[in-house]
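Quick heads-up: it's one chain on its own, the form predicted alone, in structure tokens.
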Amino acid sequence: MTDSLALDGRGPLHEQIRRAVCAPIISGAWPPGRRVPSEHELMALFGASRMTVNRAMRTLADDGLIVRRRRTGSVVAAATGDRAVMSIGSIRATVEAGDQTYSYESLARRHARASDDSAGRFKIAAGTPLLNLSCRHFAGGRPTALEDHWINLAAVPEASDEPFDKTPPGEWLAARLPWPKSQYVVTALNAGAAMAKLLDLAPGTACLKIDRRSWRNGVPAAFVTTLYPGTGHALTGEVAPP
């Protein structure tokens, strides 16, 4: 069972072990109920201490990916209960579904370190390396959305070398977060002068704001704010079984 597990060489050993065990779970290779390698098996495979392996397994349990059992061993967790599902498709797909031509413009790209304020909001350590990206999306040549992305380079280090001059950050991230656990907060606001200018609106126009936080293997990975003109944009939702 442990033959396919491998460390990726990035970061602390307990995080590498967590990602190694997490990978077959999120890919579906290990279905719910399947036994997870024991701590002793993982210690032998990775040459790690029991404390290190225990920390990795505890995090997986806290994330709801495994169920730890004292005598019978850990198993892959099964989803329980109903869950709310909100469908927010890619901006490109939404535009093209309306038979309009999609285009994208990168407005800014900069590296930064998480301040105390952003660390608290994003639930990461202060000083964590971040990549900030601002961009604008167009439908038929007219601005249709603004996005402000913060990517946690500790979780998605490959973003550091991506220019994002042609590929929108959302699409790039979607290809690299195979099981994106996300949280959404939807609010309304009136466009200020700078925002109105970028969206080609009159100042004070009602707009829709969506804040989204996504995780990669249990680690906060991306934080994005998307702004839409209030007219012409809708969200859909449903309650679905696990």
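All residue numbers are counted from 1 along the displayed sequence. All values reported here derive from a predicted model rather than from experimental measurement. The term rigid core refers to the maximal set of C-alpha atoms that superpose within 1.5 Å between the two forms.
Unshown form predicted in complex with the DNA; subsequent notes refer to it.
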query: Heavy atom contact within 4.5 Å of the DNA in the predicted complex, the stretch among 182-190, 196-204, 52-60, 210-218; finding: 52-60
query: Residue 129, heavy atom within 4.5 angstroms of the DNA in the predicted complex; finding: no
query: Proximity of residue 101 to the DNA in the predicted complex, heavy atoms at 4.5 Å; finding: no
query: Residue 47: touches the DNA in the predicted complex, heavy atom cutoff 4.5 angstroms; finding: yes
query: Contact of residue 14 with the DNA in the predicted complex (heavy atom, 4.5 Å); finding: yes
query: 39, 69 and 72 all contacting the DNA in the predicted complex, non-hydrogen atom within 4.5 Å; finding: yes
query: Flag for residue 48, CA shift 2 Å or larger between this form and the one not shown after aligning core; finding: yes
query: Per-residue C-alpha change between this form and the one not shown, residue 59, threshold 2 Å, rigid core fit; finding: yes
query: Residue shift check between this form and the one not shown, rigid core fit, residue 222 Cα at least 2 Å; finding: no
